[in-house]
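In structure tokens, one chain follows: the form predicted on its own.
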């Protein structure tokens, strides 16, 4: 026996729950399935960007007040601290005037807490939820999309007119419906661990990205968390990992134990839990993210920023746009691929240029001498330091960083 719904969402991470929350606002019934039972952990850097912060405000303006009341789970983040291969550091606030921001520019929160927070926001009057549902098969059928899933010891079948696939980087729907294949050139490998008592954390909770020569074009990160913990990790493009035969766990431990700066900062630090690894499907190549009766969102659509590795912002953006497209589909009773192309256009209108430029910045970060030159100049130039928040957080202005010539022009023009 088959169950049938108009709209099904698979994956209840930031992309899937955001799609559901916007559908709930429009009072559009739908079903959302996730293989886990909440609350559950998700391996991630745990940084929630300004883009995600803005979408949270659109979902419910009270959310930021709730975050303020839950400081044990949500830590406001006000900028980034970078360090170059030569050891020079550079602080870049998210705004030149943080006092003018209506709410925090960003946050750091364990995905265990953040995802569960969004999940509990779902309006069960419109969102039917099935937890512990493992998707086994996805295919086109006459009615739309057919899903086979395993739940509570039984194999079950569901059909839907529209599928929003948001089940992460190993998305079965992306492979079965979208023809996705893993390409190391557009993928990054990462490991992360939680530490306690890391010394020298920034007073304004800046996240830290450290460009260390041995792991370029990757980086080592330290992100502050509530309760004095830190998310610590290393991310490196997958093809570089393969070429150089890098063991990411060993690379991270070597930095922590042997680097002259970090050896001191981690001297009394305590590893909490295990070092865990995962893959990041990067938005360094524009892919088709829709087709007959389906939309891909979040990591399933490969929308992670190639330069920073941040994925939550674009996951939530795509979830919001998927809900808008689903509403149009229901109104027009049209679920065909030509009609759904609007979704691709909307998503890439909002993040396509940004992803393209981030890919170029990722390529530039292979050159230690360029990073060193930039940091040296920025530390001597107040004008350049004040210009950086405008350049780094506005995709239009980031065009000045797309190649070596314009990069050098920026450095010597200030």
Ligand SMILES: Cc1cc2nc3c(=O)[nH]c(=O)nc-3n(C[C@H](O)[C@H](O)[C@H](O)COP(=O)(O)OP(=O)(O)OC[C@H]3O[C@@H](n4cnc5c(N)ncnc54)[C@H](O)[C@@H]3O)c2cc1C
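Given the structure is predicted, the values throughout are model-derived calculations rather than measurements. Residue numbers count along the first chain shown, from 1.
Unshown form predicted in complex with the ligand; subsequent notes refer to it.
Annotated contacts: 75, 210 and 264 are all free of the ligand in the model of the complex [non-hydrogen atom within 4.5 angstroms].
At the 4.5 Å threshold, heavy atoms of residue 123 stay clear of the ligand in the model of the complex, well away from it. Contact check for residue 326: every heavy atom lies farther than 4.5 Å from the ligand in the model of the complex. With a 4.5 Å cutoff on heavy atoms, residue 23 does not count as touching the ligand in the model of the complex; it lies far away. In the model of the complex, residue 221 approaches the ligand with a heavy atom inside 4.5 Å. Think of it this way: in the model of the complex, the ligand has a heavy atom of just one of 248, 158, 84, 133 within 4.5 Å, and the residue is 133. With the partner omitted here, the residue from 237, 79, 279, 178 that has a non-hydrogen atom within 4.5 angstroms of the ligand in the model of the complex is 279. Of the candidate stretches 32-40, 357-365, 59-67, 343-351, only 32-40 has residues with heavy atoms within 4.5 Å of the ligand in the model of the complex. Taking the ligand as it sits in the model of the complex, the stretch 226-265 never comes within 4.5 angstroms of it through any non-hydrogen atom.
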